[in-house]
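Only one chain is included here, represented as structure tokens and corresponding to the form predicted alone.
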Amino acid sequence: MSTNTELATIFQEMADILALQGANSFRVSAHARVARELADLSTDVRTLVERGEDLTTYEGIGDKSAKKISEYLETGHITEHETLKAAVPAGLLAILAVPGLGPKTVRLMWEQAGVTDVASLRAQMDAGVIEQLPRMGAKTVENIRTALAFLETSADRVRLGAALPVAESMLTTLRAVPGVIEAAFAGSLRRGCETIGDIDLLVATTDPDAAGEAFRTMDGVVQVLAAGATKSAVRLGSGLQVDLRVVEEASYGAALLYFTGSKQHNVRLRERAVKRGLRLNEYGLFPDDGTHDEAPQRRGIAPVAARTEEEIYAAVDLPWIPPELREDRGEFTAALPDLITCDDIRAELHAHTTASDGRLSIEALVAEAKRRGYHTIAVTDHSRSSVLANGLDVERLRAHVDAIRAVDAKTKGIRVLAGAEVDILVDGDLDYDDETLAMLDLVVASPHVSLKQDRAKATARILAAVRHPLVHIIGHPTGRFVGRREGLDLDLDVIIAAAVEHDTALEINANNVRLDLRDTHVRAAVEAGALIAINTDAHGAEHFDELRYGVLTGRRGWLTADRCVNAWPARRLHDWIAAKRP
């Protein structure tokens, strides 16, 4: 685990324990904010301190938090963290992970029912104690049991690529229901996050009952968790929870904005509204008379804006902010970029054929790329060290290059490049010698093995490939798998600086299992002026559809088409590729 991850975990635990103790909400949110900032840092915090950088220049990290971080770097622990942990049963933190149980409820169960861990929670439910607590009841206990069972049989988070097709399918069904005017997914899914906790759907309709009934009876639903006029929740056979909110057309934009989040973005937006004498909630943006605690919509107050997100942002003097940027990471003060889209992508520069571990012939791969309107496709089969992927030795590679160039010569309307995905070996050497690399049109250099090297060795390894004059792209630079494998622990600032110096592109591997680089790394690369490639790593025709996950990751990293080599016109792309050849 990296230093940043370790510290983020500690600060989040402090926030959770403070919430359990009923501490001031400012203290709770302050610790949680530091945790988020540390988790999002692309540079190891230890490196920042060693460079003499002032941690308080990073948003959310104040003097006290910076001192705690320094304490951890010096001693391996934080005194406040140890003190807080000693004040509550350790098992309560595990209970907080149960969907639907917040700090207030967990504290109630702890203080009034003696619940200290999951085992005692189960025991007290079996004894009927939990059901008798304030604001609980039989239905709540049943939901807790269901949530516990779900946690035991599934991961905490679901990959973007697993959740998005499910949401789109459900929306297709809902849009066909009579009375439905608008329908969309919201939450972290709409923001393009790499993993999601559950799916949030939103519909505006003239017939809420019909929409709710259609939702609750869809194919795949195995349990109805809630069934109300404005909110329903179901569990799918996969274990995934899906929530539906039903709203009036007049407040659809406000609801979409609210339920899209992030929480931090919404807080900042509400603060901005308050400064303008307004009050923002999920029903709209209202004038704030400051005389009532009761919500303005309940008092018949007409909203200033509510129908669309655009008019709400405009009313607080902001342009519409794309969902992928709504993370309170500078989107309120910076000039918003024209983010890259799937339509911008004109080339695929990392794809495999049956020569290694792909399922398409050269001709079939080229035909698929041409069908999608690309001007360039690079055939990049594995190099010899990838034995399990049927990697090519030099003799096979030469024959393969000849075959690729033969296809290129006879194919109109698309350029076919002879390339390879070349393993970056443990010591930083490449899997082919320079003479072999020079005969290729394009080289994608990627790490595949020994992904637990220490930070210094891992950084030196990738750095050698970045600096190699014949390498164009570093493929999936850390080698991580989302939620399953952390990948190489790299000093990304050093890698990015070298990539800028040597005009080497860093890849966002669009395969939803990888999404490597991750969004925060992309943001750091974009700010430094590095080039980014978005490739699908296609092994079959259907893998081209994974492009959208890479584009979403790029958008979360503030990537524009100009910085993405796959979006360049053919002449510009081919000139860049040729510049790295003798």
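Whichever C-alpha set is largest while still superposing within 1.5 Å between the two forms counts as the rigid core. If you're wondering where the values come from, they're calculated on a predicted model, not measured in any experiment. Numbers for residues come from their place in the sequence shown, where the first is 1.
There is also a form predicted together with the DNA; it is not shown, and the following applies to it.
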- prompt: Among 512-520, 547-555, 52-60, 527-535, which stretch has residues with heavy atoms no more than 4.5 Å from the DNA in the model of the complex?
  reply: 52-60
statement: in the model of the complex, the residue from Val267, Ala127, Ala406, Ala94 with a non-hydrogen atom within 4.5 Å of the DNA is Val267
field: Candidate from His448, Arg245, Arg455, Arg329 lying within 4.5 Å of the DNA in the model of the complex - any heavy atom
entry: Arg245
task: Evaluate Tyr313 for contact with the DNA in the model of the complex, applying a 4.5 angstroms cut-off between non-hydrogen atoms, and reply yes or no.
output: no
- prompt: Tyr374 near the DNA in the model of the complex, any heavy atom under 4.5 Å?
  reply: no
message: So, Gly428 and the DNA: in the model of the complex, are they within 4.5 Å at any heavy atom pair?
response: no
field: Contact label in the model of the complex: Pro296 to the DNA, heavy atom within 4.5 Å
entry: yes
message: With the partner left out here, which residues of 229-265 have a non-hydrogen atom within 4.5 Å of the DNA in the model of the complex?
response: Ala229, Thr230, Lys231, Asp243, Arg245, Tyr258, Lys263
message: At a 2 Å cut-off on C-alpha positions, does Gly137 qualify as shifted between the shown form and the other one after fitting the rigid core?
response: yes
- prompt: Is there a C-alpha shift of 2 Å or more at Gln112 between the shown form and the other one once the rigid core is superposed?
  reply: yes
